[in-house]
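Read the single chain below, which is given as structure tokens and is the form predicted alone.
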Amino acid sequence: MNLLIEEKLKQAAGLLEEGDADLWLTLVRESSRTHDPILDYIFEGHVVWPSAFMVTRSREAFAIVGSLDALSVESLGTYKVIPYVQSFRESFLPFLEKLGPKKILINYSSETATADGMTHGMYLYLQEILQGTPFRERLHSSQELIGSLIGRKSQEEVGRIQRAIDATLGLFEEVTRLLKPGMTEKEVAAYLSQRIEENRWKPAWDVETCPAVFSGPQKGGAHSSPTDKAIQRGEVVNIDFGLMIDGYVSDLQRSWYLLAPGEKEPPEGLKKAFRVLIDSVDLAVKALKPGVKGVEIDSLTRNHITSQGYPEFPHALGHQVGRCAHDGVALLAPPWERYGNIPELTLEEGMVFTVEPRISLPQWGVVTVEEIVKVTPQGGVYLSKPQKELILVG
């Protein structure tokens, strides 16, 4: 992970220059208890006392930390460490005065949790320290920098995501051989959880809903846990599942159909809905190019589905994937109030997104896929082998 941290620190310095800023400041304390999400990208470990992790436009990285944390931070070899004993202020203010930054980026955002890691208490603490200095009026959100820092995936990062994707798709193939009428959603989930444990992997998110297994028409939402409901013939089964491998995750969904007695293929209505779904995914993937807004991609898919007479899906089309299942800042999302200005952000080359529309069908259940795609100048490139047909269980 140290090599990845070094990559991100160098990248951050370049982003400061792009944004005409002089200093990126991440201010934390008791980080094992109150964890700033961006620490996963720039520091490995935890600190206790008030600590500042800083990157300058001159491509240097500094850490002002308590003396008891100093040795562990120094051992990483990525920061020039400035330890203190009694007063953080007495080390921090001289550092700022020597650097003289005109624009300081700090971790707050009203629109995304990824860039909103500074607690309100630490913000007030910073304001109090900077009282009477010109630096207090030079604080700005680091949302834009963090969005690019997390979003622009390196080759190593994409490789790690790919390994998680491949392992997840392998387990989906096992599920195809496993599924049969009468199995419960919980039994399917338990099998996948057992395979995670056997391979010493980790689930990509909370075990209560990773994996999430749904059969037939759904009463719960897309984030609900598996139930004791038995899977029946003539129903769609979909699974939302991901793995964490080497610190990076996958987040994929697949749909199966259990043929009813006498059926050799799905009913025409179900096949039509699935084809509309897949066509909507293809529209989005082809349009995933740098400079396009997330809301524009979402609209392509959403409008295609509703134009064919199906209901609008009640969530964003896609999110970024990386160190966690919901990574980065930019979203493929509709212009709803809940998403703030995030849908208006433009995509950047190297971002990795899910594409996950869904169509609810009262007769059979929910048809959905979730693919993982990388943004390139030529359009989206699938990292996951895309599902093009319902997986049939005879």
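All values reported here derive from a predicted model rather than from experimental measurement. Note that residue numbering follows the sequence shown and begins at 1.
Only in words, not in the display: the form predicted in complex with another copy of the chain, which the text now covers.
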Looking at 124 to 132, 186 to 194, 260 to 268, 293 to 301, which one sits within 4.5 Å of another copy of the chain in the predicted bound form if you count heavy atoms only?
124 to 132
Establish, in the predicted bound form, whether R160, G350 and E370 all lie within 4.5 Å of another copy of the chain, using non-hydrogen atoms for the distance.
no
Work out which of S148, S255, T114, T168 lies within 4.5 Å of another copy of the chain in the predicted bound form, going by heavy atoms.
T114
Looking at the partner-bound form in the predicted bound form, is E74 within 4.5 Å of another copy of the chain by any heavy atom?
yes
So, V48 and another copy of the chain: in the predicted bound form, are they within 4.5 Å at any heavy atom pair?
yes
Please tell me whether any heavy atom belonging to Y339 falls inside 4.5 Å of a heavy atom of another copy of the chain, as the geometry stands in the predicted bound form.
yes
Quick check on L178: any heavy atom within 4.5 Å of another copy of the chain in the predicted bound form?
no
